[in-house]
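This document opens with one chain alone, in structure tokens, the form predicted alone.
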């Protein structure tokens, strides 16, 4: 394996950097580098490691001599993957790392919606005792619709099943038959899932095909008592449409960890009383960040040895 120059342009856990160092790679750590500087120096590096802050689009790719672009995380929408591959650049990520962290957040958000936890907490801090208003719902026996039944979707499904929920799954690819048998998941088309689920969680990448896959027409198919949780990418839901169906009481509520723009400019949506919002913290656990950094470093080493 020839010595390679690596630049890390976003903050990552130090474990990954230590692995690269031990294997003889020369690592430059610039987690706050601005685009202008990156464009000037990127030609001197073989490998670029990013999270979500750095946008690796055509201008960066054209200015580089990169062999590998690595994303310490799951989503690749900040990287022009198609163009990179056309230029012979390998693109890798750490989709395995965030599985448990994101799944646990989804379950936490569902419980928060079902029991009005944020409303209860706010009222208590304001000196109010609104016990009689806070009649919630059990998750047991409810139908959870999972849109995108990959690694994270399956992890969510297994936890939900342990809570006594019933599963409905939709994916553009065939859902793992063994998982379907294990969980007694009902597989369905998207419209059927939307019409029947009590809770809906999204686990799909942001692509031209998935952008606004839940538009006003799709959201209107949901039951008025249903809740939607999005920890994937903000753009898969039309936020303007979501705001109106929530405001008009066409669905019961939503929990959003991701937004079309981050930080979100759609403050009216964020401030709705039937919405719980978190600032894209799905993978923000110590364990997930360390694992993502380690996985990416190991994949880089493996790629260089091929």
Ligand code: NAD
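Given the structure is predicted, the values throughout are model-derived calculations rather than measurements. Positions refer to the first chain, counted from 1.
Form predicted together with nicotinamide-adenine-dinucleotide (NAD): not shown, discussed below.
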Check: Considering 255, 237, 258, 60, which brings a non-hydrogen atom within 4.5 Å of nicotinamide-adenine-dinucleotide (NAD) in the model of the complex?
Finding: 258
Next item on the list: Could you check which residue among 193, 228, 149, 109 gets a heavy atom within 4.5 Å of nicotinamide-adenine-dinucleotide (NAD) in the model of the complex?
Entry: 149
Note to self: Just checking whether residue 67 would be counted as a contact of nicotinamide-adenine-dinucleotide (NAD) in the model of the complex - the rule being heavy atoms within 4.5 angstroms.
What the structure shows: no
Check: With the cut-off set at 4.5 Å between non-hydrogen atoms, does residue 75 touch nicotinamide-adenine-dinucleotide (NAD) in the model of the complex?
Finding: yes
Next item on the list: Decide whether residue 171 counts as a contact residue for nicotinamide-adenine-dinucleotide (NAD) in the model of the complex under a heavy atom distance cut-off of 4.5 Å.
Entry: yes
Check: Contact between residue 166 and nicotinamide-adenine-dinucleotide (NAD) in the model of the complex at 4.5 Å, heavy atoms?
Finding: no
Checklist line | Location of nicotinamide-adenine-dinucleotide (NAD) contact in the model of the complex, chosen stretch of 112-120, 180-188, 207-215, 136-144 [non-hydrogen atom, 4.5 Å] | finding: 207-215
